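In the form predicted alone, a lone chain appears below as structure tokens.
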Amino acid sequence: MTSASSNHADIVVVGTGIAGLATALALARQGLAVALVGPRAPLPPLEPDRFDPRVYAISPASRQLLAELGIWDALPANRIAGVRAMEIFGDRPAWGRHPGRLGLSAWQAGSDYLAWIMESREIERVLRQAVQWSGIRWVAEAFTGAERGPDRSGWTLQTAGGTTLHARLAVAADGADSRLRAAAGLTVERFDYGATGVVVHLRSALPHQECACQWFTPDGVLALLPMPDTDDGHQVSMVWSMPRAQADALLALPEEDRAATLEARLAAATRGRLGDLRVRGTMHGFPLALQRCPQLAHEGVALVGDAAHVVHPLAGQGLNLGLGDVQALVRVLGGREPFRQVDDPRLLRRYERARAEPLLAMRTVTDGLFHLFGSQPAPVAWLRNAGLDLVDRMPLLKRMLVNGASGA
């Protein structure tokens, strides 16, 4: 058992996923004394034709942050796929009219790419290396509790290994079920969508040509994201937000039957857009929910990433929102007046204000689209398909959507 110890830092970051690692690294670059708390489980070695099932669409704004942290150029280029265009399809109405279609491309915003698709594991691997090289103190133990200082300034945090850390500011980056958020008394509002995100990599008969595709189907929202080719052909990553009962039934099937059932559903939903699609990895499912915290910061605690918010994955913006939190918090703390401590209430309110509009906009869009395309009555189906067709013929509105999708 690790012996008890006592340590002081300006800021303690709890959580060692991408958001926590990026927060610790970015704050340390500001000259602040930062400690990081959380497990450091070994990452599997990089294998040429095996890809992490968790992938993210990194926006230009997030790419800029990773570049500023020295991360972007260290990522393996052959594991990254760019997205130059998006095709969004509505559902097929019962009377046979074609589904609505909306096409977006990077050139409409004057950019080379809308986003870049990359594996969670590889981003985390490079961030870990950067954190270790930076000299940040990493207490690789589970966080167990926190107490406010007797004069209501600073926090004392405990870990399962007996380590005690003292800091003026504590940053919760420990996920949707954040223990630090709970210890600080910050509340959370959660809405369960009753749906499951089913993810798996697929081999496609046709090349994706750097185009991401999304279908709003009666069985939920289906997205196919570009991935690097492998030795056995072209590859895309699937995220299908299915009603929970359907997802549970699919995932309960024997592996061979599960693959055959999914491939048949994909053929019907995509109508051959990428040719035959074949499962080339292990299928996973995760519950979908909308979660928000009325306060992003209070009394020396700031929330970032999933500890602060969870949105539906149909826009692919979850990680980008988290990295946006990191950028905003670092900007506020880095630009503070010399007489202010890092836990000054005015600074924390500045952070909340900086994130209020982007978070509200993303919640509104993702939740609104989920309910719009989850509605099955014929008039609603006609309106949403007609709406996609109409927007597809409006260049100015399309440019606004492209800017929003790319974080510009």
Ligand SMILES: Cc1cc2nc3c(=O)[nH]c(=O)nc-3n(C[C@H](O)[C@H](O)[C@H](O)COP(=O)(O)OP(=O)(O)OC[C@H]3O[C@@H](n4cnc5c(N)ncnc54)[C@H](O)[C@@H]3O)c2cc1C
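Numbering starts at 1 and runs along the sequence shown. All figures in this text were calculated on a predicted structure; none of them were measured in a lab.
Keep in mind that the form predicted in complex with the named molecule is not shown, yet the notes after this line are about it.
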Mind telling me which stretch in 186-194, 262-270, 169-177, 328-336 gets its heavy atoms within 4.5 Å of the named molecule in the predicted bound form?
169-177
Can you pick the one in 277, 127, 288, 83 that has a heavy atom within 4.5 Å of the named molecule in the predicted bound form?
288
The named molecule contact at residue 320 in the predicted bound form, heavy atom, 4.5 Å:
yes
Residue 54: touches the named molecule in the predicted bound form, heavy atom cutoff 4.5 angstroms
yes
Given that the named molecule is not shown alongside this chain, does residue 89 nevertheless sit within 4.5 Å of it in the predicted bound form, heavy atom to heavy atom?
no
How about residue 9 - does it come within 4.5 Å of the named molecule in the predicted bound form, if we only consider non-hydrogen atoms?
no
Joint contact, 18, 39 and 305 to the named molecule in the predicted bound form, by non-hydrogen atom at 4.5 Å
yes
Near the named molecule in the predicted bound form, with a heavy atom at 4.5 Å or closer, the residues from 113-146 are 141, 142, 143
